[in-house]
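Presented as structure tokens, the chain that follows is alone, the form predicted alone.
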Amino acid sequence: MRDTQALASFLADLRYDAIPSSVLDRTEDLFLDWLGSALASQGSHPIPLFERYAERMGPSSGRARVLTNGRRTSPYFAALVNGAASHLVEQDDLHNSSVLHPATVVFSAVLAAAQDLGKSGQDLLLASVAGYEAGIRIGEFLGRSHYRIFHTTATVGTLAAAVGVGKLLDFNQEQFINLLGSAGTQAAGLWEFLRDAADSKQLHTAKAAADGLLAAYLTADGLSGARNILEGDQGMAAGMSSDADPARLSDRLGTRWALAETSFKFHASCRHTHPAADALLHLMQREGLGHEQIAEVITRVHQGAIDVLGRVTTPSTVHQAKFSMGTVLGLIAVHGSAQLLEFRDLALTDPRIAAFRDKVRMQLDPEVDGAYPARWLGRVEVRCVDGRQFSAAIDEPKGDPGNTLSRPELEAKFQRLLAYAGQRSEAEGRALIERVWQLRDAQSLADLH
């Protein structure tokens, strides 16, 4: 468990002043992106179910906030609802090589605990960096085989959330070892829900955020956990992976800031669709093609895309449509955009989308698969009705670190997310943006919602 100990030591010793300013900037960027994703889900199924559960089972008051309704509650139930809410509209971030959505679990738990504990903006940023750095490395450690069956954001997300809250509680190395044990033994989340258009994805992130927080609070009170939950003979790797690499747990700790490698989502769909969507949009613009001119689209993809997207043939809900390669490319081809409004208003009702969906197929490509998950390459081939054939390649989809969203673009995305929910004005959105850009100076987070 040498690598686990190295990770725990790094987490215990990490200090705010040791984090580069560029990483703190990126953490604020990611926090704003997460906040917009959570607020965009106001009133959308199944989030009211989680809100009602929190009202029935949780306290009637507390120091933590549920973002979608402003209600005060305990940090556990705030993390639960906010974890569900921020993963609904498929606009939250993704780290490529770990295939982890860190924000939805880390920020949901850390903000709730920071509000409960009366922590500052700097405390939140430090804790969030710790959660990202640990979660990303644990996701990389578990490898590609883990993701084929398990929803990494649910499993690894429980540990990432726990680490973030543990850092707020100023854990030492021994406490982080116990914390990982208590978080890891709760880790769960299976991809089978995609076949049924079930609501489990929101349950996954809700439970990951809340159970990570639970593990941290209990550890603070003295609960012990398995000391080798990651690398042990009956630990996570043994039960959930066939290609685990322990060295990834301690990879360049303190010099490689994995948080800075995280991608933003541009399209409002599963990230596995984005490389092909960007490549098809580029090809159609380059060749001046309309959707009616296209007879067939072959997307050359990695195996992970087939494992996740191949479960969805004819989507029956808007959320399931976001996991349909044909639907996403149909929106791109017909409407030039696959944003929230296109999914809500067109994905299931526009017959042109359904017709285009049937023209799309995925094909495993050795080059693309070999690059994954470190790089998510976009490769498409198009055959036109008149017999012409074209291809296009995208090496860095929009939102990747090398093709990232600027702060003005993030602000515009944030306002789009708020407008989608229809619950906040543009002025209210601007006020929230300014609060996030000033997180480093915030002495209190009590009214951030």
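Start at 1 with the first residue shown and count on from there. On a predicted model such as this, the values are computed, not experimentally measured, just so you know.
Heads up, the form predicted together with another copy of the chain isn't pictured, but that's what we're talking about next.
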Heavy atom of each of Gly58, Arg148 and Ser182 within 4.5 Å of another copy of the chain in the predicted bound form: yes
Partner proximity in the predicted bound form: Gln234 to another copy of the chain, non-hydrogen atom cutoff 4.5 Å: yes
Asn228 within 4.5 Å of another copy of the chain in the predicted bound form, heavy atoms: yes
Any non-hydrogen atom of Arg357 within 4.5 angstroms of another copy of the chain in the predicted bound form: no
Partner contact for Arg407 in the predicted bound form: another copy of the chain, 4.5 angstroms, heavy atom: no
One stretch from 410-418, 386-394, 39-47, 23-31 that, in the predicted bound form, holds residues within 4.5 Å of another copy of the chain by heavy atom: 39-47
Listed residue (Arg248, Arg71, Arg311, Lys119) with a non-hydrogen atom within 4.5 angstroms of another copy of the chain in the predicted bound form: Arg311
Candidate from Asn96, Gln320, Ser337, Ser200 lying within 4.5 Å of another copy of the chain in the predicted bound form - any heavy atom: Ser200
